[in-house]
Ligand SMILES: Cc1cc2nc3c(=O)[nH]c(=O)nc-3n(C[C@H](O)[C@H](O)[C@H](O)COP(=O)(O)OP(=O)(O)OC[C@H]3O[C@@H](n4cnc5c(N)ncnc54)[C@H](O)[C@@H]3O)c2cc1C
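First comes one chain, alone, set out as structure tokens in the form predicted on its own.
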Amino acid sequence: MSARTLVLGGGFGGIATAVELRRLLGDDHEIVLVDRKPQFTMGLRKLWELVGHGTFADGSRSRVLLARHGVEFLQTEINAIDPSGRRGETSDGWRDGDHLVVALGAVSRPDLVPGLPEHGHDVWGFAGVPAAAEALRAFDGGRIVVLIAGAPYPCPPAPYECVLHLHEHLLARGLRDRTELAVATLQPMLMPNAGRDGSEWMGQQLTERGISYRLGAKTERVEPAVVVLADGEMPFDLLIAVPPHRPPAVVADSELTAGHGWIAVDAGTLATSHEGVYAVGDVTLIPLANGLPLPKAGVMAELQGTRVARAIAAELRGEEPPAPFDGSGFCPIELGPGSAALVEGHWYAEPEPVVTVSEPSAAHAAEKAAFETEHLERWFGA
């Protein structure tokens, strides 16, 4: 009798799990991937679309194309998750599996900050980017604030990539000399996941470009043209925000979440407390030795999904389990259209994660573009 793995969510973690499973197991293993959207889109496209360096369309592919790997794609809503039964309720009824992998990501929630949906732009959700891009095109000088209003959030360095892209964009338009750029974060340092050295490096990058920043800025609400903080105000003419993020409601309503609200998993195996049920990517929260969470990033989700697929395959074939996920990964940080630095981290290291930041180069920017091309072609075809 054939076995079935049910994968809920078709982002980096879900697709990596499904494709690796098919590589390891024969056609008698059924792989079903469920997502409510027909298209997969690279997350890095959000900032490129914002400043006009690229389009969503160029970084999007139909998930139906996963059929080339023998993966059945179901485009449908997931209405409930029953981890004890290793099944999910979709708009088309219940689907179950011998193994269940939850890879449903984190949801941007601007509604959790009073006034933010009305007066700011959320570019962490794809839906908010077109309006933000239009507002940027209409911008003719003044004050732009990039606000980190909640943490953890996907792709920790991205707000700084955003403001650096804005700097270059405004230079190209001849508007930089009459624009004030500022970043405000609720966190105690710019990039806690990169440690003090990485945060100081980013602070230097911002300062060299005349971009001010404010730490420990807890947002209470947003009013017309002003962010109201617990200890003051920040006026703006254009506000681009990183809202708080939460697991999807269907995850919050399941039996999978822990006290912190996210899915708790074993750090090495990504297994939940339910037999045969795993969770990968942004929907999880894995605490590190220093108390911070493992960064939420596509690269990490992919590595986790690959490890889960190998564990499932080993179990079905009666083999020894694979080496645990070791918490290592990397992330290129764009400093504009043609330059990027590379952050490399061993986040499971004790007593502190070991993180290095390489010097910016055109080569690292090219590597980031190549990363997108390689993944789209490997998963969906040329």
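Throughout, we count residues from 1 along the sequence that is shown. Everything numeric in this text was worked out from a predicted model, so none of it was measured.
Although not depicted, the form predicted together with this ligand is the subject of the following passage.
*Asks:* Choose one stretch from 73 to 81, 196 to 204, 306 to 314, 111 to 119: the one whose residues place a heavy atom within 4.5 angstroms of this ligand in the predicted complex.
*Replies:* Stretch 73 to 81 is the one.
*Asks:* Looking at V355, C331, L66, L335, which has any heavy atom no more than 4.5 Å from this ligand in the predicted complex?
*Replies:* Comparing distances to this ligand in the predicted complex, the residue within 4.5 Å is C331.
*Asks:* Just one of L215, V250, A264, M234 has a heavy atom within 4.5 angstroms of this ligand in the predicted complex, so which one?
*Replies:* When this ligand is considered in the predicted complex, the option within 4.5 Å is V250.
*Asks:* For this ligand, considered in the predicted complex: do all three of H53, A182 and H364 come within 4.5 Å of it, counting heavy atoms only?
*Replies:* No, the whole trio is out of contact, none within 4.5 Å by any heavy atom.
*Asks:* Please check if P360 has a heavy atom lying within 4.5 Å of any heavy atom of this ligand in the predicted complex.
*Replies:* No - in the predicted complex, heavy atoms of P360 and this ligand never come within 4.5 Å of each other.
*Asks:* Check H167 for me: does it contact this ligand in the predicted complex (non-hydrogen atoms, 4.5 angstroms)?
*Replies:* It does not: once this ligand is placed as it appears in the predicted complex, H167 has no heavy atom within 4.5 Å of it.
*Asks:* Does any heavy atom of G105 come within 4.5 Å of a heavy atom of this ligand in the predicted complex?
*Replies:* Close contact exists here: in the predicted complex, G105 approaches this ligand to within 4.5 Å, heavy atoms only.
*Asks:* Could you confirm whether A301 comes within 4.5 Å of this ligand in the predicted complex, counting heavy atoms only?
*Replies:* Residue-level check for A301: yes, a contact with this ligand.
*Asks:* Between 209 to 224 and this ligand in the predicted complex, list the residues on our side with a heavy atom within 4.5 Å.
*Replies:* Heavy-atom contacts within 4.5 Å come from no residue here.
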